[in-house]
Structures are given as structure tokens and as C-alpha cells.
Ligand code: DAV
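Quick setup: one chain, the form predicted alone, written in C-alpha cells, and binding and motion questions come after.
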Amino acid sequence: MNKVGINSHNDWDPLQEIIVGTVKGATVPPLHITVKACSYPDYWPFFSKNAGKPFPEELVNKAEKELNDFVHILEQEGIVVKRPTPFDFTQTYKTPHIETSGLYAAMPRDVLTVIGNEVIEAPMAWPSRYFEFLAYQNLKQEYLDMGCQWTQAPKGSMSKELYCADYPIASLEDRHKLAGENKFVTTEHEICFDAADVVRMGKDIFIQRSQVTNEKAIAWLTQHLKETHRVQEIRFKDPNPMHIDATFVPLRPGLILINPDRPCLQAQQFKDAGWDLVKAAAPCLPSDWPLYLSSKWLCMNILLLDTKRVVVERQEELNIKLFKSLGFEVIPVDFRHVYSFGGSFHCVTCDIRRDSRLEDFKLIKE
């Protein structure tokens, strides 16, 4: 562990300190084209009607209780837990290019990623998330006072040129076709990315081009980390890519959980390196459960405490059975109301410190 207490190279080494999000102040985002491209049309009327208003109070209270219970479980395991500062995201803000309300401080993994002893703060792609980093300002200052290395990636203007105004958001077939051509709702006008499109596997860093992450961001991360890491774009057969942690989840050295509906187009690369790819079990979530910003595949969005212990949603019985068959001790936690906000255990966390060292698994050729 480095002297400043920031140290994480992967998602499976023994967890020591973590940030867990909060849904306090969560606000329904305006129905910007990026929100349309990353959500199901069935929910667009909800966004249109409630934009700028708090999410339903009953849902917020239930989800926050689940988050608090999750925090208590982590603390019982001896893990230090930090929380972001709750904000009233109903406040409207304006820049020369955008005017919008906010979203929430529920998903630290979307905003922050830790590469070794450095925290990288993502610029984001949704206008409603432009100032989301402010919820982490107190924590940022705390880590900076300790001597932490904290980098803010170049933050763009989110002008209209960043977005493809005629992107065919309503057609799944068109999305499949365009994704296959590497075309998305975000353009290459300026850098944009969410940190949740990054997966860390020691010296090898993978990042996907998605609805919220563009090629300029991949190039920036490659350049930024060139002295210490190898960075490679990773792709999936996915008509609506946004965040990688319900698609491709490394569990321990040599083992990766994959989404059977979103096959990895570079799967052979990992197999050639001696890694096994195991398909996640089908989700158990009822079809009528509200998922405003996500899919049922949040069942894959787990948190590893180490190579033997994994936190899984209590009612995802099929995946609990799968993890046990893989030799894991499962820690079941109720989390379905958090699901409704677009994430689960991995999304709502950012691991700040693990008992971790930089390893080279040689998954990317020099």
C-alpha cells in the first residue's frame, strides 16, 4: 500500500476502503438525447413528465435504506466506507452551452476510477451529470490533503456538436447496426467518457467505446497511462453500450464473468491468455420492476471483497448458485430498489484501497 492510502489495481484484491454512493437528492434527468439513447422508450414519458423533480420519495427512502444496510455490512467486514456529499440536484445550472438540472451522487463508479495510486475523475457525457463531481469535492480534498494523486480528465463544453442529433434512438435494429459500425449518440467533437466504461486488470486497462465514451477519451487515457499501463479498446455485440460492469466482470486472475446477451468480440484474446470466460446466469428480476436507467443484467453488477467473497443481490438466486459453484462465499444483500436508479453494488461504489500490487497478466500485447 502506498503511503497516501490510494491503492487499487483490479476489482478482486482484498478490499480495505471504498466510497459508497447515496440517492439523497436524486433528481429525474431531463430527456436529453443521451438519456434517450441509454434508456428504454417505455420510460421516456416518465422523464418528460418529471424532469427536474425528485425521484419518488418512497423509492428514494427504500433505496437509501438498502445502501445504508450495505454500508453496515461492509463496515462489519472491516472495510472503511466513505460517502459523497448529498446535493439537491433539482437545482438548475447553466453554462454557455447547456441548461439543465442534475441527477444524483448514487454511482461513484461512473465518475471515478482508481488506477494504482491515482484517482481519475471522468468528464461525463450527460449534461445532467456535468457537475456531479461536486458531490465528491470534500472527499477529493481529504485525499489531496493526504498527498493523493487526483486527476481530472479534460472536461468538455457539452455543446450540441458533441451529440448526433439524428441518432435513431427508437430503433433497436438501427442501434445494432450503428454500434457495429462504431457509431453512437456521442460524436468526436471533444473528449467525453464515464469512468464505468473502464475495467482494470493489473497493467492492462480495457475501455469500451459507448454511448457515453468516445475515441478521443480512449486516446487520452492511453496517452495518460502510457508509462505504466497498456490501454486497449474492448468491444461487445451490444446495441446500447453504456458502462461495462454488467457486461464484462473479471472475478479473479484467470476468470471473467460475461454477459451471454452481449458477447465480447475479443473473447479469444482472453482465452489465448489462459483465462476462462463463464456466462452469467439469467436475471431473476420480475419484468414489471421499474428500471429507469438500466437493464435486468444488473444481476452481474457485483462487488468482490477479495477472490473468495462476493456481494450479490439477495434475490438473484441463479447467480448466487453460479458463484457458489465457482468457489465463492456469497454475501447476499437486498438491493432491488437501488436497481431502479441504474446500478448495483459495483456501480454504487469506487474502491479506493485494496491490498493490491501491480501485476502483469499480459492480456494486451506491447
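The first residue of the sequence shown is number 1, and the count goes up from there. Because the structure is a prediction, the values reported are computed rather than measured.
The same protein has a further form, the form predicted together with the ligand, not shown here; the description that follows concerns it.
Self-check item: Candidate from Arg209, Arg262, His229, Arg200 lying within 4.5 Å of the ligand in the predicted bound form - any heavy atom
Solution: Contact check passes for Arg262.
Quiz prompt | the ligand: the contacting residue among Met242, Val185, Cys192, Val119 in the predicted bound form [heavy atom, 4.5 Å] | solution = Here the answer is residue option Met242.
Self-check item: Option from 243-251, 74-82, 111-119, 175-183 whose residues, in the predicted bound form, bring a heavy atom within 4.5 Å of the ligand
Solution: Going by heavy atoms within 4.5 Å, the stretch is 243-251.
Exercise. Find out whether any non-hydrogen atom of Val338 is located within 4.5 angstroms of the ligand in the predicted bound form, and reply yes or no.
Key: Although the ligand is absent here, Val338 would stay clear of it in the predicted bound form, with no heavy atoms inside 4.5 Å.
Quiz item: Does Ser128 make contact with the ligand in the predicted bound form, using a 4.5 Å heavy atom cut-off?
Solution: No.
Quiz item: Do Leu298 and the ligand share at least one heavy atom pair within 4.5 Å in the predicted bound form?
Solution: Looking in the predicted bound form, residue contacts with the ligand include Leu298, since a heavy atom lies within 4.5 Å.
Quiz item: Should Cys347 be counted as a contact of the ligand in the predicted bound form, where contact means heavy atoms within 4.5 Å?
Solution: Yes - in the predicted bound form, heavy atoms of Cys347 and the ligand come within 4.5 Å of each other.
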